[in-house]
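The chain below stands alone and is given in structure tokens; this is the form predicted on its own.
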Amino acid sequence: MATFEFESMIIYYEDHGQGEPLLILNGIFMSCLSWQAFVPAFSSHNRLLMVDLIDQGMSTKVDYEYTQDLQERLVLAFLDHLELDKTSICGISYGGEIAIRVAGRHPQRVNKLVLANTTAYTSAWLREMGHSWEYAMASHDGHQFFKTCIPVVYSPDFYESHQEWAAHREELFVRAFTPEIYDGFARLTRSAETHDERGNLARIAAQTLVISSQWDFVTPLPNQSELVAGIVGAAHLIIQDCGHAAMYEKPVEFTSAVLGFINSPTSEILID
């Protein structure tokens, strides 16, 4: 457990293992705790860095609105705090949006880039979904929040076959989530409303892998294809029979893809 101060806020982070650094940036409803099962694999050959963004996990919850520019500054300050000139980044959903900002606006700070189930801009579809989430968050009711926000992040087959697990998760949310947490989720959601980095995609210099899912209803495949087309030389992996939460539905495939790409000495195999 470690913290550092950023613009008068306390930011929580974790630092595991040794080797080439790999920074994980969370989705809206995630935190460092969300990755605990992945730590052994992700830190076996890399220095694994995880950080709770503002309004996430054990980092400061603010009382004002902000844009994703604030999270971008946080990531850069985090790298400076660790005295890292550059790192590879794996951004998930909202964290992928922040990763795109960092890689496009500060290309010298990013080695390799993995963008999982994310998008270059907030579409009308995603904006309206965010509004529905905000209504549920404003209720401070764990059952309403879970039933509105959570099923859509999984594929239909996964959710159908994990009903007992889903019920347990719902009760866990009811017990663990406080009004402060729900209000933080809402601010994070609103901070993404103006997200549009399509004009900066061509500035991304890092070798990039975009990970998509067949049944991603939050950031659908057409948005993923636009993202791939905008980044020079980007590779594209589509995980079949999987929803938006690819790391949970297909953890072996997800982990193998991220670590294989990050630790490969080249993105190409040359055949004589």
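Position 1 is the first residue in the sequence shown; the rest follow in order. Since we're looking at a predicted model, the values are computed, not measured.
Keep in mind that the form predicted in complex with another copy of the chain is not shown, yet the notes after this line are about it.
Every residue of the trio Pro151, Pro156 and Thr255 has some heavy atom no more than 4.5 Å from another copy of the chain in the predicted complex. The closest non-hydrogen atom of Gln207 lies within 4.5 Å of another copy of the chain in the predicted complex. The closest non-hydrogen atom of Thr178 lies beyond 4.5 Å of another copy of the chain in the predicted complex. Put simply, Gln108 is far from another copy of the chain in the predicted complex: not one heavy atom of it is within 4.5 Å.
Interface residue remark: Gly19 is not counted as part of the site for another copy of the chain in the predicted complex, having no heavy atom within 4.5 Å. Contact annotation: another copy of the chain lies within 4.5 Å of heavy atoms from the stretch 243 to 251 in the predicted complex, the single such stretch among 62 to 70, 24 to 32, 243 to 251, 48 to 56. Contact residues in stretch 5 to 35 (any heavy atom within 4.5 Å of another copy of the chain, taken in the predicted complex) are absent; none meets the cut-off.
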